[in-house]
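Shown next as C-alpha cells: one chain only, the form predicted alone.
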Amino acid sequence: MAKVKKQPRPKAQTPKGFCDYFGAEVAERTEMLTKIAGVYHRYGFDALETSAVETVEALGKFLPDVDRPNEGVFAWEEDNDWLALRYDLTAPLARVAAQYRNDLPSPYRRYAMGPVWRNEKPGPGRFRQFYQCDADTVGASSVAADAEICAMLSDTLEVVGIPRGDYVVRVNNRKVLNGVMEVAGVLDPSDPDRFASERGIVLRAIDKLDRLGVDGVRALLGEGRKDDSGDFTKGAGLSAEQAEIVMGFMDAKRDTGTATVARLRELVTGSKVGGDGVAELETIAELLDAGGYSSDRIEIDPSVVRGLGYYTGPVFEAELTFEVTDEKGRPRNFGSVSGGGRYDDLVKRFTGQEVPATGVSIGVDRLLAALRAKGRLDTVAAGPVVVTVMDRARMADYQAMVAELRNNGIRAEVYLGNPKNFGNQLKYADKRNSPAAVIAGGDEFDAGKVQIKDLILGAEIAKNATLEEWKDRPSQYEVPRDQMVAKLREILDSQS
C-alpha cells in the first residue's frame, strides 16, 4: 500500500506586501481616525461606510494600468461578473451617489475611513493594504467646495499633530495642465480620446517628480525609463519640443501665488480650458486668503497633478516638509501624506448626467509614520492593571476585584496563566507594559487588605536609584481593600 504523503505545515508568515498590526499600533490609528473624524464632522460632513467589495465595472478604468479590467486590483470572477476589493474610497462613493441619488441631500457631504487594497508591486513603505480617510462633496460645482476641502485638510494636519511650518497644502488645476498639453499638441479638444494614453503617462510622470527628479520625468515623457531593478516603464513618446513645454509647466512656480498664476496664464495662451483653470485657481486663492489660510499653509504649485485619470479640475496635495532619515541614513523630506481633487465625470458613468464632485484622501499609515518619525507618538501604550493570583481557590474574589476596577473605568485583567510561579506573573505584567499589579493572598484576604505594586516606579528605581534611595521611595503599598480603587487612581495619575 502506498504511503500517504504528509501534508507540509503552512508557513507562518505575512503575505508579501501586507502587515500585521498590534495593540499600540491599532490604538494609535484609532486615535488618529477619531481626531480626523472630529474635524470632518465639524465641517458638516456625515459618515459613510461602503462595502469592501465592488464590481470591477463600478471601479472603472481609473487604475494604474488599464489594459485589463482587473489590473491593479485584487479581483475574481463570480457568476460571469468580475468583483474586486476596493482600490480607493472614491469610486464606491460615486456608485453610492448614483444609487441613492433620490434619497441623498444635494450637495452630499460625506467622509469615509477604512482599508483599501492595491495589487501593485510592494516596496519600502508601500503596502498592498492600507488605510485611507476621505472627505468629499458631491453636487457642488463651485470651486468654493475645493477651497473648503483644502482648508479642512490644513486644519486636520494641525489637529493630529503636524504644526504649521511642517506641512504645506499645494494646489493646482488639471484644466491648466490640459491647456498646456493642448499647446504642446497632445490634447485635441475636438477629439478628447485622441492621445489619451499619452496624456495618462504624462500625468503619472509629473506626479512622480519628487521621487524621480527632473531627468526621470523627462525620460518618461520621451521613450521611457528603466529603474534600478531593471524594470522598464514605457514613456509617452513626446518629441523633445513637446516635452520641454510640459517641463516648462512644472517649472512655473514663482515666489508668490500671484506671480505663479501670471506665469501659468502665459503658458496656456490660446487654450480656453487652460484659461478657465487659471481663473479657478485665482478664485480658490482669494477664498482661502479670506479664511486666513495664507501661503505658509496653502500655496499654488503647478507640479501637483495627481496620477489618477478621473480628476477634471482643481487638484491638491499635502506635503510634510520636515526632514527624516531614510533606511540608508540619508536625510530627505518626508513627502506627501494626502491628495485629492475635483472629479466631475465620475458619477456620470452611472447616471449619464454630469455630477460635480471634489474630495481629499489622507494616507493614515503614512501620517502615523510621519508622527512616529518626529517622536510625536507615544510608541509604548500603557497596558492593563494585572490582578495576580496567589490562591486558585479564591478566583471568584480576584474576579470581583477586577470587575470593581473595570466598573470604575480602570483597564484591568486577572492573570489567567499558570499561577504557580509568582515571578512569571510579574514578568507577564512587564511584557504587557502594565502600570501596576494587585497582589492578594490568604494573609491579605484575612486582613481585608491588598498589596499594590507600582510597576513603572519600581522599574525606574531599580534602574536609577541607589539602595538608600530605594528604601526612601517605596513602589509597593498595602492598603485596605476598600481603598484599592483610590490608591490605583493615585498611582495611575502620578504616572501620567
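Nothing here was measured: the structure is a model prediction, and the numbers come from that model. We call the rigid core whatever largest set of C-alpha positions still superposes within 1.5 Å between the two forms. A residue's number is simply how far along the shown sequence it sits, counting from 1.
Keep in mind that the form predicted together with a further copy of the same chain is not shown, yet the notes after this line are about it.
Of the candidates 183, 212, 160, 83, 83 is the one whose heavy atoms come within 4.5 Å of a further copy of the same chain in the model of the complex; the others do not. Among 273, 145, 250, 243, the residue placing a heavy atom within 4.5 Å of a further copy of the same chain in the model of the complex is 145. Considering a further copy of the same chain in the model of the complex, the lone stretch of 167-175, 260-268, 188-196, 366-374 in range is 188-196 [heavy atom distance within 4.5 Å]. Site residues 202, 229 and 296 are none of them in contact with a further copy of the same chain in the model of the complex, judged by any heavy atom within 4.5 Å.
In the model of the complex, residue 324 stays away from a further copy of the same chain, with no heavy atom inside 4.5 Å.
Shown alone here, residue 106 lies within 4.5 Å of a further copy of the same chain in the model of the complex, counting heavy atoms only. Put simply, residue 438 is far from a further copy of the same chain in the model of the complex: not one heavy atom of it is within 4.5 Å.
Taking the partner from the other structure, a further copy of the same chain in the model of the complex has a heavy atom within 4.5 Å of a heavy atom of residue 43. The partner is not shown here, but in the model of the complex the stretch 8-44 reaches within 4.5 angstroms of a further copy of the same chain through a heavy atom at 9, 10, 11, 12, 13, 14, 15, 16, 18, 19, 20, 21, 22, 23, 26, 29, 41, 42, 43, 44. Superposition on the rigid core between the shown form and the other one places the CA atom of residue 394 less than 2 Å from its counterpart. The two forms, fitted on the rigid core, differ between the shown form and the other one by 2 Å or more at the CA of residue 103. Relative to the superposed core, residue 297 undergoes a Cα shift smaller than 2 Å between the shown form and the other one.
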